[in-house]
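The chain that follows stands alone, in the form predicted alone, written as structure tokens.
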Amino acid sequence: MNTERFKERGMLFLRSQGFNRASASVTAILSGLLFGLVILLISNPSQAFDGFLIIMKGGFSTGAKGMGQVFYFATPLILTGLSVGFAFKTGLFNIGAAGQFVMGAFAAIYIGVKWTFLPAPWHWIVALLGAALIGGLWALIPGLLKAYLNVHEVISTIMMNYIGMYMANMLVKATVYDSRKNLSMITAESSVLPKGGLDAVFHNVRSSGTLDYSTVNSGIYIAIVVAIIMYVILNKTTFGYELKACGFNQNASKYAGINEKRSMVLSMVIAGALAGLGGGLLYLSGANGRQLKVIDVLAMEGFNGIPVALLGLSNPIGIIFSAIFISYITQGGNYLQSMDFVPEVIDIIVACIIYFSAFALIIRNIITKLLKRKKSEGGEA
């Protein structure tokens, strides 16, 4: 009887933890949006509520095509969010998703331009695999530095971001450069991701009767499947348990017989592969793929993966929804330019949401400790 009561209390505690996690993110979102409304009122009181309504409408502001664009821009965010979140779960802070992302993008573009002997669908499949491989190899360096030289991954990954940016620029110029446009060459049609039937859903009908298609493609399917796979690996496999155990306590993991150095390296490699795949998914989309600009600016998709992971609490399933949400309000923010608002307003609102998520996490931890104490007192009684 006592055993059954203990199991019942354990299940109730786990459910309460899940509720606390979800409520933490919801609280952060509502608080951030409310603070965003205050910012709109300060900057332009006469149009504040109309602007806030546009943000809340998000992709729906331009109909089905707008929602297609939400999923299109959410695709790389899911992968970079997974990259950061996976590293978080294993006790590492991967700030290098931007460098891994751009190196993966270059690999995908290079294969898309040069390997024209591959037919579809093998061409885009190989290009995506190449993007993941290069992203993983780029993250291997900070992983080795962390595991064997105890170099903090934040420092090494930040450095690798800038090295990756300049390396990608140099490689583009040396291999697939279009000097007339200061861009990479257009990839072959066989390397472009198929629409996967999404073009039949996410499009608008112009007044002339022609269709205005969104750029969303099957990349969103791939991103969701990868997120589910990461969830299974982290929560349902021995390998994932070992990685998380090393993140919680390296010394205890070593005592238990887990190779903590190998786990660190593999965690960084997997995180880098996810970010690299995100670069491939973004740049192998559109009519003839996207072209990589030769500019000295880090890929924002890599840094945006950090708030996505934080808002999703580093849970792969949560990251899917947080990436879609961030993409949704970002699309709404882009439409604010039709009014007297600067486009940076939506960045401030997103930053506020992440800022409040930190407070929500603190509150969640306090609630969890109180619940543990209450359960222990009830058990003693």
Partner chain sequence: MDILFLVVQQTMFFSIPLLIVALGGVFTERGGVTNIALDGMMIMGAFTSILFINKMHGSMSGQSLLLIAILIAVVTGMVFSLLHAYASINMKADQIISGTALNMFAPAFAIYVARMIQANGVQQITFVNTFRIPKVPLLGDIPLIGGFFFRNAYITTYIGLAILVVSVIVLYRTRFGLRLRACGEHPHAADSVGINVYKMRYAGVVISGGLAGLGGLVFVVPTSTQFNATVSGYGFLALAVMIFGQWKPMRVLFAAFFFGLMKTVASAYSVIPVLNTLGISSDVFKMVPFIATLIVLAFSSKTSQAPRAVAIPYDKGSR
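Numbering follows the first chain given and starts at 1. No experiment lies behind these values; they were computed from the predicted model shown.
Here the subject shifts to the form predicted in complex with the partner chain, a form of this protein not shown in this document.
Candidate site formed by I158, I163 and L310: every one of these residues places a non-hydrogen atom within 4.5 angstroms of the partner chain in the predicted bound form. In the predicted bound form, the partner chain sits within 4.5 Å of a heavy atom belonging to I306. In the predicted bound form, the partner chain sits beyond 4.5 Å of every heavy atom of L133. Of the heavy atoms in K173, some are within 4.5 Å of the partner chain in the predicted bound form. Contact between S208 and the partner chain in the predicted bound form is not found at the 4.5 Å heavy atom cutoff. Of the residues N169, S218, S190, T215, just one reaches the partner chain in the predicted bound form with a heavy atom at 4.5 Å or closer; this is N169. Note on contacts: among I348, I54, I29, A64, the single residue with a heavy atom within 4.5 Å of the partner chain in the predicted bound form is I348.
Contact with the partner chain in the predicted bound form, defined as any heavy atom within 4.5 Å, is confined among 104-112, 224-232, 195-203, 292-300 to 292-300. Residues are counted as partner-facing when one of their heavy atoms sits within 4.5 Å of the partner chain in the predicted bound form; in 120-159 these are L145, Y148, L149, N150, V151, V154, I155, S156, I158, M159, in sequence order.
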